[in-house]
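Before any questions on binding or motion, here is one chain by itself as structure tokens, the form predicted alone.
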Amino acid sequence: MNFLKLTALAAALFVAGPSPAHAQQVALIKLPELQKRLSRNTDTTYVINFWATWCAPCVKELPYFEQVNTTFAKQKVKVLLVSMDYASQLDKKVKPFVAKRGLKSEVVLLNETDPNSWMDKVDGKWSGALPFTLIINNSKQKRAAFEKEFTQPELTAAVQQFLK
């Protein structure tokens, strides 16, 4: 490739920025889709964290979930970060937040407006407080719910309990 073509290609990439295929996607999902994911009968351990951009303890512990994603990458562990922000905030707040923090775990925004109508379907013990984390392995019939802010060692230990 000659220098001129290479320069033009580099300029086009610079102006366009990263391709959308490499940008972190944040999908809007409804409760039935989340329930379907939570009930999959696989040997994968799912670590599902319910959080919001306005929740300081949630934001503080997000790097710990990212670390779990990295630490257990070679094992059957999947992290799902479920934003509880309003759907109207997806483009203005949630996507920029996810991009700024470079989150690699899958992020979805739960598009449900009345928490009292669906929270007990996620977990009967959940009062609605954030952060809230579920760790599930359906093939082992193991499930744990945590209505608290994790430290890195606590979260890692909780996940390890599911891998035994």
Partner chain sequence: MKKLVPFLAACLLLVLSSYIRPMAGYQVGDKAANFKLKNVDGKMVSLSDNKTAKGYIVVFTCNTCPYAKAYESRIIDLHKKYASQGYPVVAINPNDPAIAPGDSFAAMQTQSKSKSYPFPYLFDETQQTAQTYGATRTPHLYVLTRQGSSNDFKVSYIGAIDDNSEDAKLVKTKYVENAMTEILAGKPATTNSTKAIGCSIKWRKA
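Numbering follows the first chain given and starts at 1. Keep in mind the model is a prediction, meaning the values are calculated, not measured.
Separately, the form predicted in complex with its partner chain exists; it is not shown, and the next lines address it.
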item	value
Segment that reaches its partner chain in the predicted complex - one of 122-130, 36-44, 63-71, 99-107, heavy atoms within 4.5 Å	122-130
Residue contact check: M84 to its partner chain in the predicted complex, 4.5 Å heavy atom	yes
In the predicted complex: members of 96-122 within 4.5 Å of its partner chain, any heavy atom	T113, D114, P115, N116, W118, M119, D120
